[in-house]
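Only one chain is given next, in structure tokens, and it is the form predicted on its own.
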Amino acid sequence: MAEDCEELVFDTIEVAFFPRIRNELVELLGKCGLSIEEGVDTFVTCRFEGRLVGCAGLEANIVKCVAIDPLARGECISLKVVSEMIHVAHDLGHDHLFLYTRPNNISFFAGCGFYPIVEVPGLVTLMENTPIGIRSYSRSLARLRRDGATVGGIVINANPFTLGHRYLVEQAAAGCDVLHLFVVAEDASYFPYRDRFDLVREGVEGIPNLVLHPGSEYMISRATFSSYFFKEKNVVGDCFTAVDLLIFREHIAPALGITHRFVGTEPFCRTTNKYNADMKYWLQADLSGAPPVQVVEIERTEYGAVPISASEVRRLLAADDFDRIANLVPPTTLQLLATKYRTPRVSAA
């Protein structure tokens, strides 16, 4: 194996265009008990005398799939591979990076400038390349803290905002001294974040004891819960739900004094249903130094004996059925759908 890092050859590839190299990556990752994750499209590769000996993958600003050939460990390869990936990410415009690793590798990645955010014991650790990221976010939340005996939290995607969301917020707010409402910021939904946030802000108007927050990368994002955004393939990862929920329990809830997290029942989506079930374990069980957060499920409101859902609204939008949509959404949502998202009808010749 190489004793001199100058003998190592690095390259950056998009795996979709290099199937042969993708096969090499699959083999290398397999040796390390890993696999290529969906969404990881850019790789830094490291070769010695033509043989692939190291790699690191990038999904947006998340470093994943870091692997070094077992025969090459102990060399300088690991540090060089991660350093090369950091440079590549920077060139792509990503300065704030997240990284997934096994807990036993924390010390190595700490030496590369990464700091742990949360650990799922024995399974995975999420790290970031700044010592103040999650702490700064928590401090910004703490400035909006309002004390009370029951302080609630809700996180919604609102894709789009429906009367079901309004009902959930109303019911939760009625049982709280303060309710903190977060809107998922990740732009991986049919409706962009800017529109979703505006619809939520307008849709919850008049509900008392409510504090509306923008979303962040620390809450149901590609960094904390990427499988949420592949739900059409029913990809649900225990590690992803745990990471996201432990960040909420250990950082977000303490900053705001949140004692309860409210969620609507989920009869349709397997991923969201599992996320709701996982909440009860990761937020309530005796497994963290942070106080437990009580999970409260609220039965979905219905229209025509069918639970109201954003997915049904999207289906009706595709069918241009605005008469039925009007029964499921607030006027502000209906107006936006009609003016911005309605497909123009093509008249017959």
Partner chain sequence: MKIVREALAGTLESSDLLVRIAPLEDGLELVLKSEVIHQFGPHIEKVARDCLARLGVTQALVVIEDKGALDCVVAARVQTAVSRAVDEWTPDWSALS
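Just so you know, these numbers come straight off a predicted model, no measurement behind them. Residue numbers count along the first chain shown, from 1. Just so we're on the same page, rigid core means the largest C-alpha set that superposes within 1.5 Å between forms.
Absent from the display: the form predicted in complex with the partner chain. The rest refers to it.
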| property | result |
| --- | --- |
| Contacting member of Pro103, Gly148, Gly113, Pro192, with respect to the partner chain in the predicted complex [4.5 Å, heavy atom] | Gly113 |
| Contact assignment for the partner chain in the predicted complex, among Pro121, Gly175, Pro131, Pro214, heavy atom within 4.5 Å | Pro131 |
| Partner-proximal stretch of 78-86, 253-261, 216-224, 273-281 relative to the partner chain in the predicted complex, 4.5 angstroms, heavy atom | 78-86 |
| The partner chain contact in the predicted complex: His90, any heavy atom under 4.5 Å | yes |
| Contact flag, Arg135 vs the partner chain in the predicted complex, heavy atom cut 4.5 Å | yes |
| The partner chain contact in the predicted complex: Arg139, any heavy atom under 4.5 Å | yes |
| Core-aligned C-alpha movement of Ile220 between the shown form and the other one, 2 Å or more | no |
| Threshold 2 Å Cα movement between the shown form and the other one for Leu283, core superposed | no |
